[in-house]
Each structure stands twice: as C-alpha cells, then as structure tokens.
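Let's start with one chain on its own, the form predicted alone, as structure tokens.
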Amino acid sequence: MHQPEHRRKLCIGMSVAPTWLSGEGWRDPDSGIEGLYSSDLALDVARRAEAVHMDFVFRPDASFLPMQMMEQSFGFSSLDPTLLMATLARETSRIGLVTTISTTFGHPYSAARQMMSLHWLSRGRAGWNVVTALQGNENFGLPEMPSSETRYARAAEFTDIVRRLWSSFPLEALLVDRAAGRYADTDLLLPIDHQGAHFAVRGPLNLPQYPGPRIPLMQAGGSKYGVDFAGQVADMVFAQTPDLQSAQALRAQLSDRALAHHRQPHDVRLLPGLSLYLGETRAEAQALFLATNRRVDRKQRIARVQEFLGLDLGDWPGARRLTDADLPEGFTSPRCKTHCDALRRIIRDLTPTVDELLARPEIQASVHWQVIGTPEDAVSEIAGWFRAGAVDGFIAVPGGSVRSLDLLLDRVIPALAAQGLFRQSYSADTLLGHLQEGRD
C-alpha cells in the first residue's frame, strides 16, 4: 500500500446543508428553520467559513424526497445546489464553492455549461462533486437503479466529456478585435465529436474556458468502482469513515488507485465527513447528541443493527455481550461497507452488551466520523487523524444545534490554525489554489 506525502496543512470544507437542524435540532425556537428555502442561511455560513479561511463550502444533493422522513424533519428537501452556489458567488470572494451534479440523472453538456458558468461567476472558485446517486431513478424514467459498475462506467464517460467540452472553447479563441471586426478565431473552436456507450455529444461548449485554474472534482462513492473512479479523476473524496482504521484503509486504497491511473497519491485528498456535536463540556455535548436523536427508539436501532450486520437483536437481553461468533457468516449489507466494518470491529474489540451497542453513536445517528465532546476534544482528534496520515482534512457537518456550528467556527478552526495545522490567512483566490497549499 502506498501512502501520500504528508501535508503540512489540513484541507477543510464546510457543508452548507443545515445538518445542525437535523433530528430534533430544527425544533429549537432560535433554529432559523423558516429560512431553509432562502439563500440567507447558506450565505451566513459561507461568509463565516470564509472569515476563518476554510477551503470551500459544499452542498450535497439528492434527486428524490423520502416522504416518510418529512413527517419529522426536512430530510432531503433543499434548494438546487448549483443555483444556491451561484447566489453565493457574488457575496463571497475567496472561499471555494463546491456543488453536486449527478452523472446518472444528468447530461454532460448541461453539466459542463453549469460548472463553467459557476467558475466564471465565482472567478475560479467552482468545484464539482461528481455523484452517481443511490436513489431517485423513478424521477428520471428508469425502472430501477443501474448497478454500481454501470453507474461508474457512465460516470467515467460523462466526466471525460465534460472535461473535453471545457477545453473545446479555449480562451485563446476570444479575439474581441473591434478594429478588425473579429470576435473569435473559429479555427480554435473544436467540436469533440464524441460517440460513446452512453452519450453522443458534438460540441464545442458555448462558453469559453475561464482564464485561470481548472475546476477541481470531488467524488463521494465508497464501492470498489467508486474508489477506482476517484483514483482516476478526483481531487477530493468526501468519504464515510466512522473510525481511524477505516480512514487509514481508504487512504491506502485511494493512493493505490491513483498510482494505477498514473497519478500521484497526494493528488487525491481524503476528506471524510466529520459530524460534530459540541459543547462547553463533554456532558453538555452528550446531552445535545441524545436530545437530537431522541426519536430514534430502540426498535429503530435494532432494525439498523439488522440492516448493517444481519443480526436480529429483537429478543436478546440487553445485558448479553456480543462477540464475533454472533455475527452471521457471509452477510453483505446494502449499506456503507466502511460503516458495517467499523461496527464489526466494535463487537470484536469491545464485546459490548446489546444495550451498549444500541447506545453507540454509530447506531443512533450519522455514518460519518463523529466527535461528541468539547472543541478541545475535536481539535485533538482531528490533529491525531491528520498526523497519523489517515486523512488530508475533513468536511464539517455540525450536528444538534447552531451552537455546534458556532463552536466549530469560533473555537475549533482557530485552534487548528494556532497549532500550525491550518492556514492563518488565504494565499490564493481560487479553489485549486487553496487545494495546492500545504504540500511538502
């Protein structure tokens, strides 16, 4: 396994999906949930993230609406991420703006134009989170979701077309010669004439290249096809790594796949989602976590264990200890493999009781890396993972209350900067410029 050279500085992104309003968080009188469908909430977060010099803000997306979830929370109900990022472009000046566009449900010409438009509007700060999606086929005329292999084959072709379209109208083609009456040198406008397994696109794009660094790509799939695709094209990987071991394993896999595609391991930055329930004391943070997830009852937790591990604990006494021998042989969960593997390690290493397992944050809430504690706890764990070479940074997804967001921005990020692990100020004006900082 190959490890990338160690970076001197963390790469840190901020999710503008209002995760701190999930669960019961939106019910707080001062949550601001009424502003969910305006740009004001995201704009406030983006400005504050820019003030502490974060690399980018990021908006994940989904193309379907789980209606049962809407009874208790806003779930996947959201503004279009690319339109949202366009509204932030004029109101910020240096922070990167990463949007999400699906390759399973979209078309490469439209995606190429949207992304290059955002790049122009933001003066070089656009980023594209390339997703194949896991659900939503019924909204796009597909009777079922294609297999992971099929989705990533389409994604590879889609992404290749987009990048070729970005190059099909080079900036040098723009003459804007008033005296001669020539606007563009049409000899430099080159159709791509693509004929592939999934798309036929002539080109060229009807928008010139931005006169600056290219648009960085993010990827978020954890299957073997997703990891290979990331090694081929991604600058950043938004990952679900619930424990240090899963992060180290994924970091090694990404490095190997980068080399397999003739890239360097450090070209691919592993940025796991980091769920943060923060308080002035650990007791306060734990109380926030429990209050936020109080509607996840024992029955739901038992169902999650069965979905993750194939183990039905419905009739098991709470005091019984679990061991490796209790896990069904050959069971494969449809859920995130890294999360399932982390739960197996918990059972193997800690032999928890049934009650202890059901009380774990990994069962109650996010499949992301989680810190439930003080700002100092968060700084210590982030620094430990980074210095171990397991991650290149993280994407913050604060939980429970706007207080977690406040403590992240006011205490955690400045403390990381004070330790020399994060920038004290910007030295670049583009997203790619930020990503290239801090390399030894």
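Numbers follow the displayed sequence, beginning with 1. Keep in mind that this is a model prediction, so the values were computed, not measured.
What comes next is about the form predicted together with a small molecule, which is not displayed.
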**Asked** For T292, is any heavy atom within 4.5 Å of the small molecule in the model of the complex, or not?
**Response** no
**Prompt:** Can you check whether R151 is within 4.5 Å of the small molecule in the model of the complex, heavy atom basis?
**Reply:** yes
**Message:** Whether T82 contacts the small molecule in the model of the complex should be assessed with a 4.5 Å heavy atom distance threshold; does it?
**Reply:** no
**Prompt:** Given that the partner is absent here, does I161 sit within 4.5 Å of the small molecule in the model of the complex, heavy atoms only?
**Reply:** no
**Fill in**
Within 4.5 Å of the small molecule in the model of the complex by heavy atoms, the stretch out of 185-193, 293-301, 323-331, 216-224 is 216-224
**A126, A239, A112, M236 - the one with a heavy atom within 4.5 Å of the small molecule in the model of the complex** = A239
**Fill in**
Exactly one of V201, V131, I95, A342 comes within 4.5 Å of the small molecule in the model of the complex through a heavy atom, and that residue is V131
